[in-house]
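So this first bit is one chain, no partners, the form predicted on its own, shown in structure tokens.
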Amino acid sequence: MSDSAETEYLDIPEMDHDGWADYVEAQGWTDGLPLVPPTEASVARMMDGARGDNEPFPAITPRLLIPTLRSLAANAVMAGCRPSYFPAVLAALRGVLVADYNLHGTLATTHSCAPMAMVNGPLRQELNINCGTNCFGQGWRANAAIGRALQLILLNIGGGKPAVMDRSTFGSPAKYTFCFGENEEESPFEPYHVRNGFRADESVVTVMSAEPNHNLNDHGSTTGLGLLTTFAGGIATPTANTISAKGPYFIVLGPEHAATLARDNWTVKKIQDFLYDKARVPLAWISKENQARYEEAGHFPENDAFRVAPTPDDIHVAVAGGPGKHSAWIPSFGGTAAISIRVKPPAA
């Protein structure tokens, strides 16, 4: 999957399904799941899905290869993408290549982070991206293939190979794919991308280097204050990288919880301010050694507790999922940022 001119076209002999699976495994191209063969015709069709995106890509760390559209399309084919998915894949890639995302650090870390991609705007419905029930799970081709294509690009072009460049102690299932859509239709708040300066009719992909979602279960609280008190307790942990207060996190509200918060006049800004103030880790939960480590890095306790976000604006609020009194907390790697990129539609 090199991008040099000499190897962009590969002469692969004809083989059956098992032979192809063995071949890509031997080449080191696979994430462990079966790959779709990137024939010349299928790659050409994939490229046709992104003719409106002519801006060159920067080099992808750690190999520092500058990708061609053809090589990116080949990985999207192998991931199982339809051509209509390709613009979203390219937007996600542009997001992780922004300097503040810290792609090199997030690929090389022992942490279990993976690229999270959230889609907003009309493209969610056009591609049948799951925004509701089981939106973080299996069963939707668009969610699975878009997130997987990004991972394959970072593996095959970037060189983020497990146990070579990717040094994650455990990894996580999110390293296969982590893509979902915001449930704008059931959200009582403005869509995430609109709150971040995009038009409602624009499609946007937001990426962040993240842990998988952590469930926030609250079937008992009947008020917004009760829900946020539960959420703050779930977020206040000394074991996630957020304890360093160096990066963002997402709070993804289930529609039922979001409705309760809106009914009680909790705006997104009020939610951010509350969690910033209340989601703190008490000193009693943190070892003396770690307290010293945080303070050496310039992170000091306030009122005998450590904050877990740098500012209220680093707490990103979205709505997704289906029925049920659950929400989700998605901690970040820490040394990363949430980056939103407009999806460029195919040229007419």
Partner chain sequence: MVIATETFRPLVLAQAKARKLEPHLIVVKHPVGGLNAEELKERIDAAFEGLKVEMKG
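Note that the structure is a prediction, hence the values are computed from the model and not measured. Positions refer to the first chain, counted from 1.
There is also a form predicted together with the partner chain; it is not shown, and the following applies to it.
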property: Sole residue of A26, L64, A292, A284 within 4.5 Å of the partner chain in the model of the complex, by heavy atom; result: L64
property: Position in contact with the partner chain when the complex is considered in the model of the complex, options T222, N265, T110, N215, heavy atoms within 4.5 Å; result: T110
property: Location of the partner chain contact in the model of the complex, chosen stretch of 160-168, 231-239, 173-181, 249-257 [non-hydrogen atom, 4.5 Å]; result: 160-168
property: Interface membership of H104, the partner chain in the model of the complex, 4.5 Å heavy atom rule; result: yes
property: Neighbours of the partner chain in the model of the complex among 229-248 [non-hydrogen atom within 4.5 angstroms]; result: none
